[in-house]
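As structure tokens, one chain now follows by itself in the form predicted on its own.
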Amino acid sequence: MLQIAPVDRELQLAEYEQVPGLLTTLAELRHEAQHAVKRLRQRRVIVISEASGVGCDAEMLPSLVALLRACGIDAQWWQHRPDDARAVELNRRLRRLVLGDAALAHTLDDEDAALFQAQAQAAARELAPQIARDDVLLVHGIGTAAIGALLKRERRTLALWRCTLGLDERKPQTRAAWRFLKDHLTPYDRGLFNCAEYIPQYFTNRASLVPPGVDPLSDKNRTLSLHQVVGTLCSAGLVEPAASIPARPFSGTAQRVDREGRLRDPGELELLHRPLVLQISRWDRLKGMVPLIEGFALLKRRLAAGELRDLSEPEQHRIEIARLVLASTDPAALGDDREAVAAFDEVVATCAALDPELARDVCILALPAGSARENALIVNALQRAASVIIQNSLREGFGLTVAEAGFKGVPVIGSATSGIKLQLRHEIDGLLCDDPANPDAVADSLLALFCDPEACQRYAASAQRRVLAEFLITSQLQRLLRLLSELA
């Protein structure tokens, strides 16, 4: 059920000096680190998270733990994986309820409560001997909330709960989830949330704002030269090299999903020669991939029907040759996640229903899951090759891909939903689609960016400045160190 999470990277704050614009932040961070270490007086920080491998926590924690250690803090990271499939499913349902998924019934019964408590009790018994009274608990995620609460009660340690999910309005689903979690969250000394709108009422006066951040030196975000982008895409099987290049094949290559849902070699996708609209997300109905496909197809149909004749010839040609790429994990790695499998099937069916000519311009990619490093590099290269990155989520606690696009200076369209509105200012850092479930609204947003290259450059530059200032792992670490100094 519990295991020590491996942190393969050893980081030093000095490594981040190569990121433009971070020198002042790093100087402040070093000062915060010295103060936090002094206040903690050699107390350990015990990080507890779910072992789901998805979402902000899975992306952030390896770098965050490594950077805590780089600051001189003894940080240990434990991951919890329920040993009951029903508990795994319950945790998934709770996450979706917190996001206000209207497709779910908002009833949580006594059986759910007993299962949640039993899993937590078993994990807490296993972990308690490893926890000292003066340790600090930093608990990430909904599925581990009860574990931290039990350890807090038993060991009387300082305990913080971090949640990157939320919705900026109250719905029956969100109310049900927060009521269910109330008894497990009440013991915590402090809750850490992305924005004020996410904070449940019972955390009033004991909550802090700590938005997530991307790691600019990770394989997914580190700088790639033009040659490295091309070489990575060749190594992944997504570009056929026209000449000998110094790129070795990856252990696993990307596959294209055909109209029947089967995986095959992608062939030449012309990713380097066409305007590329890219969404990278997990298979999840809330990621809005179906209306994105329909919106992209609608834009193409408008062009074919002569409805865009007011555009210049280059603008029309740009839309004509544009390609939509949806990239996600190899569906074979989904396991027993029925909702993810259903979301994948729905995307495939939507593409299969398109006219063959339109379907050729929609490319569904299954990225290899065997090597985390290779997977991250493929995502990095695809993002840097994109003309537009879009995150058409119907619900989103925080859009990592939005922050990644901003950091890389790629124009971005986000849905006007909860977390993305926190990150992206409409017509300043990019465009917000006000109705991501509506293909017409999606088509209009795509058209607006395709027809205004000057705005694209302006949005991308503004988004990059905003990410550097607010949404890097260094900013998150600085806020966390300040909080530890305050509470220790």
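Since this is a predicted model, take the numbers as computed values, not measurements. Don't overthink the numbering: it's just position in the shown sequence, from 1.
Note that the form predicted together with uridine-5'-diphosphate isn't included here; everything after this is about it.
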Ile280 near uridine-5'-diphosphate in the predicted bound form, any heavy atom under 4.5 Å? yes
Touches uridine-5'-diphosphate in the predicted bound form: Gln119 (any heavy atom, 4.5 Å): no
Should Ala340 be classed as touching uridine-5'-diphosphate in the predicted bound form when contacts are defined as heavy atoms within 4.5 Å? no
With the partner left out of view, is Leu424 within 4.5 angstroms of uridine-5'-diphosphate in the predicted bound form by any non-hydrogen atom? no
uridine-5'-diphosphate: the contacting residue among Asn392, Thr144, Ser418, Thr401 in the predicted bound form [heavy atom, 4.5 Å]: Thr401
Contact with uridine-5'-diphosphate in the predicted bound form, heavy atom within 4.5 Å, among Leu446, Leu68, Ile46, Cys56 goes to Cys56
Which among 375 to 383, 81 to 89, 149 to 157, 105 to 113 is in contact with uridine-5'-diphosphate in the predicted bound form, heavy atoms within 4.5 angstroms? 375 to 383
Residues in 286 to 304 close to uridine-5'-diphosphate in the predicted bound form, defined by a heavy atom within 4.5 Å, in order: Lys287
